[in-house]
Structure formats: C-alpha cells, structure tokens
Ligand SMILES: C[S@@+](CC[C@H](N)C(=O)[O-])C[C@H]1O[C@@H](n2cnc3c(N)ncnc32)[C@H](O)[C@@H]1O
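Have a look below at one chain only, the form predicted alone, in structure tokens format.
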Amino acid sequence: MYTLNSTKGYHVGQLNTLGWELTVCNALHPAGTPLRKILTRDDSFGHLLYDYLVRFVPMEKIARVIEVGGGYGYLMKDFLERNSTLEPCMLDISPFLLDKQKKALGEHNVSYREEDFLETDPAFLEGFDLVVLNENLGDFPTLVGLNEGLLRSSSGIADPILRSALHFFTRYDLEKPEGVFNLNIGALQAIERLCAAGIPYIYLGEHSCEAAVHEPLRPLICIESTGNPGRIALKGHDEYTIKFSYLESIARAFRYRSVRGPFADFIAFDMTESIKSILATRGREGDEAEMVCQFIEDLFQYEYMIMIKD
C-alpha cells in the first residue's frame, strides 16, 4: 500500500540537462546573472557557502573532501578557488553530470566515481574530512503513501523496505506522523552511512518540508511547510522535499552536533523597496521579477545542515 519513488533510472539513462530543475547553485552562475544583482555580496554560490562554512569548519585543515552529486561542478570549482590544497572526489550516479564535472574541474587534481552512493563501499568513506551533498537529497529514494499501521513491529514485517523504515523509527526514536505520510528513506540511509563512517564534517543542503520564514518577512515571503516530504514534479522524474528533523535525530545518535538554517543565512540579499514590491506582487511585474521572487522564496525553502562530529 505504498510506492517507492526512485530517480535512479532517470539520472543514469535519461538526464541530459539540469535546465529543467534550476538549482540555487546554478542560478548564481555565471557572473552577471540578474539574481546576483540583488545580493548583498555579488558572488557565486560556492564562494558564499565556503566563506560561511569557515565559521564552523576549519577549512584550512580540510584535505580530502567528497562531493556526492556534484551537478555541473560549479560548487567544487568555487571551493578549489578558495582552497587549492583540497583533494576532491566527485561521486555521481549520472554519467552525463560526471562528464560536466570533469570539464569544469579539468585543471585540478580530482578523482571521480560513477556509482550510486547508497551502494558505495562504506570503507571507502573512511578518511574523508568533509562531505558535501548540495541540493540532491531529494533525488534519493522516498517511500510514498506510508501509514503507521504498515510499521507495526508486532505484526511481523516481511517486506525488507518496510523493515528498513521501521529500523529508523525505532533506532533513532523518530516520531511517527499521523495518517498517510512520505519518508525520505534514501536520505536517512545516506546520513546513517556518513555518520557511521565518522566523517568529521558533513554539509547538507536541500528543499525542506519544515522550512520557515522569520516573523518580519512572513508578510512578503510566502512558503508552505507541511512537515511531510512533498512531491516536486520535474521532467522525467519526481523528487521529494526533505524532513531535516529526522536527519538531526540520526546525527545526534552518532554524537554529531548540528547547525541548521535557510540558505538565506549565507546568501544575503538587499531588501530594497524594489524587492519589497516584487515580493508583494508575487513577481507579476515581468519575467525578471518572477525569477527574483522565486529565487528569494527558494532561499528560505531550502535549508542547510552542517554536522560536526564531537
């Protein structure tokens, strides 16, 4: 009575552009894009993120870094511009995107692995100082249409997928939602693997189902957060928003402390009268205004979490 949403087939055999799902990272590339004009500091996503991570992560001491799902390679290219001593590994399920990354990072000493992260040998992860998963956790498998009755251990669960779901609720004391709900099973498995490997620093960023806007901006920035991972329909596949509080519970169990917030924490914009007008009219003043409105909403709909091993 549930379905398993998987994007693996799409990313392995069909993906040939990220144009259908403009990420926040890609929206700030290249220099000169209209969206960078509204920022407090006109810069790329990777530079802004790196400079923010320095507050929590000793980036000058980071050597081995692995990026899972590196898109077009823009983020890691920015990281290497900030710190040329990094030794990156790019791991991606998509041969198309790995090719893009090789072209973007060709001048640097980078290793590449084409594989499903959920099938990566756990021993391979040991020894990395930092892992980055930016705007891709929603691509991981999601259980759609679950209900608490399916997860009653007393009934004896034969389905291995449901047993895996029950494992997370019991092992990490996750609160079971009422009624029908969706579960980011792949994201939970990914974070459990990373924490079990003892990687000192973990950065996650994705569209959240628990996002919130602080009070002064609520009249202008409209986002809806149900607390239940929601479907995002894209060309050729569906993705799901992430329930970050579940990931935090796993992190705590492995003795990680977490820093969590909206992308707006490190991508600041100037709240000018023009921007207020764009937000008040929901971007109906033209194509550029619509793009700006969507981008600002994304800065609050997307959350990051920095996990630090104690």
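So that there is no doubt, residue numbering starts at 1 and follows the sequence shown. Just so you know, these numbers come straight off a predicted model, no measurement behind them.
The same protein also exists as the form predicted in complex with this ligand; that form is not shown, yet it is the one meant from here on.
Taking the partner from the other structure, this ligand in the model of the complex has no heavy atom within 4.5 Å of any heavy atom of P88. Taking non-hydrogen atoms only, Q301 never approaches this ligand to within 4.5 angstroms in the model of the complex. Within this chain, E288 is remote from the site of this ligand in the model of the complex, having no heavy atom within 4.5 Å. Proximity of I93 to this ligand in the model of the complex falls within the 4.5 Å heavy atom cutoff. Only one of D238, D116, E148, E81 comes within 4.5 Å of this ligand in the model of the complex through a heavy atom, and that residue is D116. Taking a 4.5 Å heavy atom cutoff to this ligand in the model of the complex, the contact residue among G283, G69, G46, P262 is G69. Judged by heavy atoms within 4.5 Å of this ligand in the model of the complex, the contact stretch among the candidates 218-226, 171-179, 157-165, 132-140 is 132-140.
Using a 4.5 Å cut-off to this ligand in the model of the complex, not one of A211, K243 and S258 places a heavy atom inside that distance. Along 14-28, residues L18, E21, T23, C25, N26 each place a heavy atom within 4.5 Å of this ligand in the model of the complex.
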